[in-house]
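Shown next as C-alpha cells: one chain only, the form predicted alone.
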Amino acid sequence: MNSAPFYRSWIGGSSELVWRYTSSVRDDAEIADKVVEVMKAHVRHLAEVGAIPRDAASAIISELERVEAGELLGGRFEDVHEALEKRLIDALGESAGGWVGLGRSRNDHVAAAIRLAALDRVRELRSALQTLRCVLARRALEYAECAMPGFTHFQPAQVITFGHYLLALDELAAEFLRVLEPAESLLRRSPLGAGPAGGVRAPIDRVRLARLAGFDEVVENALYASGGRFFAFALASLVTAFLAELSRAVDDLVRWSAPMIGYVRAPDRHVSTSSIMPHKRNPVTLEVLRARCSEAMGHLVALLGVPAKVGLGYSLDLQESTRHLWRILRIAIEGVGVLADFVEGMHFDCARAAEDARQYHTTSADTAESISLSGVPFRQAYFRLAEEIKQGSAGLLSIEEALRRPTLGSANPGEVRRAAAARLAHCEPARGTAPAESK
C-alpha cells in the first residue's frame, strides 16, 4: 500500500514534522480491528439501502475480509481511517473503493470504534474480576476463623478475621461491577450515521446500521454522537475510582508483608530481592500495582482535561485524550489479574495476627457492648472499661467470644463461611491456578 499522506496532501501537501506530531496511527492500534468491522457494517448497509452498487459493495467487503488490522498501522497516515480507505482504493480502484467515503465521517466512525473497543476491554475486566472474586471467596473460606486486628487510623481496632478482610475486597468488586453496567450501556449506543456533526444525506437507517455493527441502540443527536466523549469519561472515572479503593488493600498487603508485622508472606513469584542486600523479599508486583493505581488517576485527569475547553463537536484534541482511556483500562485488567494471583498464592500467619489481636485489646468494643447489654448504659460501661484497660485489670472477652457477633456481614466465622460459600456457588472449579504457598 502506498504510504503517502492521503487526505492532508489534497489540501496543503505534507510535512514529516506535521505528520509525526499529529498522527494517531500508533494509538490507533487499540481500535484498528474495530475500524475494519465498522466499515464492513457501513458498506453492507449502504448496499442494503441502494446507496452504492452491490458489486462495488461485494468487492469492498471481500477486500475488508483480507485486511489485517496491523497492516494499517504503518506508513505516514493521519490515522487508521485514512490508512484503511487508502488501502481499499489502492486494491480496488476509485470505481469500487471510492464508495467507502459515502455516508460517513471519521468522526462518527472513530466514536463507534472506540465504543466497541472499550466494550471488549470491559469484558476482559469483568473476566479478571470474576477470577479475583472466586479467589477471594476460596481463601476467605479457608481463613474464616483466622483472627487478626482490624485497623482504623492504622491502629489496632476491632478483632476481625482475615477471611472477613478478603470478603471486604469481594464487596468492593461486587459494587464496582454493579456501577459498571450503566457505563457499558452507554458504550452500546451507536454514533454511526451521525456524520461529522449534523447527519448525512445518504439514506441510512441508523437503527439498522447500529445492529449490523453490534450496538444495541442509537445516540440520536448527531452532533453529540460524533463529538461527545461522555461515555469515555464515565467509564474511565468509574474504573479509576475502583483502582483508588483497591490500592488501599494493596497497601495493606505491602505493609503486612514487612517482617516487623509479618502477617503476609508473599508468593515467591511475586517478590524480588535487592541488588546488594540478599536478605530482602520485596513485594514488587504489589508495589508496581500500587503505583499504577495512582498512575490511572493521572491518566483520568489528562482524559478529562484535554477536551474540557473544546467546544461541542469533533476536534483533534479528542484523539489526544483517548489514549488515556486505554491505559486506565489496561492498568485495571492487568492489576486485577496480578492481585488475584498474589492472593491465590500468599500465606497469612494466623497465629501472629491473633497474638496481636489479643495483645492490643481488640475485643474492648465487644466487651463494652456485652456489659451494656447486661443492663449498664453503654457510655458508663465504656468509661469503666477504659479505666480498667489503663490499669491493666480489664477482663476482656476472648477473641473467640468477641467474634461471635450476630449481625449480617460481621466477622463472625460462621457469617464469613456463609458469605464465602454463597459467593463460591457462582464460581467454576479453579482451572490451572497456581497452588497456594504452604502454610
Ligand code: ARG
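Just so we're clear, the structure is a prediction, and the values are computed from it rather than from any experiment. One rule holds for the numbers: they count along the sequence shown, beginning at 1.
Note that the form predicted in complex with arginine (ARG) isn't included here; everything after this is about it.
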Exercise. Verify the contact flag for D79: yes if a non-hydrogen atom of it lies within 4.5 Å of a non-hydrogen atom of arginine (ARG) in the model of the complex, no if not.
Key: yes
Exercise. Verify the contact flag for S364: yes if a non-hydrogen atom of it lies within 4.5 Å of a non-hydrogen atom of arginine (ARG) in the model of the complex, no if not.
Key: no
Quiz item: Is V110 close enough to arginine (ARG) in the model of the complex to count, meaning some heavy atom within 4.5 Å?
Solution: yes
Practice problem: Give a yes or no for R139: in the model of the complex, does one of its heavy atoms lie within 4.5 Å of a heavy atom belonging to arginine (ARG)? | Solution: no
Self-check item: Partner-facing stretch of 171 to 179, 308 to 316, 158 to 166, 91 to 99, counted where any non-hydrogen atom is within 4.5 angstroms of arginine (ARG) in the model of the complex
Solution: 308 to 316
Quiz item: Which of these residues, R106, H299, R290, R206, gets a heavy atom within 4.5 Å of arginine (ARG) in the model of the complex?
Solution: R106
